[in-house]
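Coming up is one lone chain in structure tokens, specifically the form predicted alone.
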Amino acid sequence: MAIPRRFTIAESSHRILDPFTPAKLADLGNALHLRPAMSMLDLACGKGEALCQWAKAHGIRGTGVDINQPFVDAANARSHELGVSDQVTFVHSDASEYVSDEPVDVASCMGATWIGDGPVGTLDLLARSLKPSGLAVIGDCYWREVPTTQEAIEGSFARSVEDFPTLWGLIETVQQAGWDVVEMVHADEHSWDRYVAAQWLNLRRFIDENPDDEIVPELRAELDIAPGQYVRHQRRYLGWGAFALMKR
């Protein structure tokens, strides 16, 4: 599945491709009790910030997999920048079909559970590479508050309320699939702002610097409405969390 070009442009300045700040990412690494020489597989790793940061802070080793070549290139550059290129490897491949050669201590997919058609399917993918006692980590959206109008639903980038579960619904679903939820770290309004609002500047700069590009009308239309939709709807209704789980 190819990543739409719009996302590459909108997230061009982002290192973390989820509504997490570096502090939130550090909180998650600490919550997982990562230790030197632990192994990790990160499916749909984006620009590899989690692997790179945790390799530097905790001494882990691992592999990141992403279908977007520019993201893989950015991840490799980041690993050299942080001095961890001997600890992490990044692979340009379809994460939905990737299985680690050796079972790993931590297998993650944060913000891209579409690779498994949802949280449960993604956990099934992660389990294929995970040690029996290992941690699976998924990051996904949920309703902080269920919207009651179609305007609010669409303003939260959904088509219907069924597109996202509530937080309890998400936890209940993975529990019923045979997983224990053992840790979680959630985005807050500040981390959502840093993820979403930063995209508006990226869009505007691209429009100004590439006025004749065929994608500009699409980006211009998005920039006209995105800030209003975000502050009126998405910021209120939509949550995001990273969840650590262990198979029962």
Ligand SMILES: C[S@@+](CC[C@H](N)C(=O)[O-])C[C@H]1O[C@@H](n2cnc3c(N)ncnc32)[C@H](O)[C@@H]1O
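All values reported here derive from a predicted model rather than from experimental measurement. Residues carry their position along the shown sequence, with the first being 1.
Below: the form predicted together with the ligand, not depicted.
- The shortest heavy atom separation between residue 71 and the ligand in the predicted complex is within 4.5 Å.
- Proximity of residue 17 to the ligand in the predicted complex falls within the 4.5 Å heavy atom cutoff.
- Among residues of the shown chain, residue 3 is one whose heavy atoms approach the ligand to within 4.5 Å in the predicted complex.
- The closest non-hydrogen atom of residue 216 lies beyond 4.5 Å of the ligand in the predicted complex.
- The listed set 135, 112, 170, 84 contains one residue whose heavy atoms approach the ligand in the predicted complex to within 4.5 Å, identified as 112.
- Listed residues 185, 196, 67, 26 were compared with the ligand in the predicted complex; 67 is the one with a heavy atom within 4.5 Å.
- Annotated contact segment (heavy atom within 4.5 Å of the ligand in the predicted complex): 43-51, selected among 203-211, 43-51, 217-225, 185-193.
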